[in-house]
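Listed next as structure tokens is one chain, alone, in the form predicted on its own.
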Amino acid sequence: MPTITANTGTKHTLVVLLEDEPGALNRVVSMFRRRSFNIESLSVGHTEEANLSRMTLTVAGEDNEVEQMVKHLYKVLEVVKVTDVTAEQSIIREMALIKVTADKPENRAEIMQFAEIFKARVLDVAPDSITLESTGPEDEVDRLFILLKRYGIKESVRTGSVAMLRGSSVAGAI
């Protein structure tokens, strides 16, 4: 069995439809762990279908390695469908909440300007901090983080990627 090294090759975005059963997420993640395949981001939520969850995984690897992972995913009983949307026309977004130090008036003004440029929403303002919500492509969220670092990021959380095919195509169609 080939071992796939973390953070090599092309970044792939996989959309996995799976039955909403206790332990299903653990079985999928365990399969990746057993094969030493690194998950760069993972996001899971309910779908429009009752009893189905939709998982978006971002992994790095050569095309043939990711193809093997897809085959292994189908061995997990709860997995219904796997779609690699990497080469497809798709919308891929990530959300981040960022609490940044803003204890000086001039810093507050600059942080608000960055929020406006990146179309981030201001969720909370405190005497010494501002909390922003940023949604967009991963690299755009990364750029906002880089700009805000100079003020001091007090706390942050990111969702991981979520993906959907453009147009009338459906990644989760069974």
Partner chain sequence: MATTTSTQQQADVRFTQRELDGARILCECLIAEGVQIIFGYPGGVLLPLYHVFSEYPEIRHILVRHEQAAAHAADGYARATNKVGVCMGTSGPGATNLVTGIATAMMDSAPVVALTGQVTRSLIGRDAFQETDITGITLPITKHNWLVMDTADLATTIKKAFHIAGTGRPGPVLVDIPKDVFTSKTYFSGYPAEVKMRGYNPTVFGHARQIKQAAKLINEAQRPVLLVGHGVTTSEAYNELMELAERAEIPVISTLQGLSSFPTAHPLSLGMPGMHGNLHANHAINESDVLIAMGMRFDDRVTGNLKSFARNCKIIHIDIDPAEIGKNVPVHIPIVGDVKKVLQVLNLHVNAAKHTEWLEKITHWRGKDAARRENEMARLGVLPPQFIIKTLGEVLGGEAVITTDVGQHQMYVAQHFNFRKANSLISSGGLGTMGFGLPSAMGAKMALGENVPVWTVTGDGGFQMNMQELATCVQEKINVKIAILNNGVLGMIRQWQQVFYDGRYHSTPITGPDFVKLAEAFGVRAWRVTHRDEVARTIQEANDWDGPALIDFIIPQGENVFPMVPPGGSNLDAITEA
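Residue numbers count along the first chain shown, from 1. Keep in mind that this is a model prediction, so the values were computed, not measured.
This next part talks about the form predicted in complex with the partner chain, which is not shown.
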The chain here is shown without the partner chain. Which stretch in 110 to 118, 128 to 136, 44 to 52, 145 to 153 comes within 4.5 angstroms of it in the predicted bound form, by heavy atom distance? 44 to 52
A87 near the partner chain in the predicted bound form, any heavy atom under 4.5 Å? no
Looking at the partner-bound form in the predicted bound form, is L77 within 4.5 Å of the partner chain by any heavy atom? yes
Closest heavy atom of Q68 to the partner chain in the predicted bound form, within 4.5 Å or not? yes
Consider H72 of the chain shown here, and say whether it contacts the partner chain in the predicted bound form, taking contact as heavy atoms within 4.5 Å. yes
Residue by residue through 103 to 134, which ones have a non-hydrogen atom no more than 4.5 angstroms from the partner chain in the predicted bound form? none
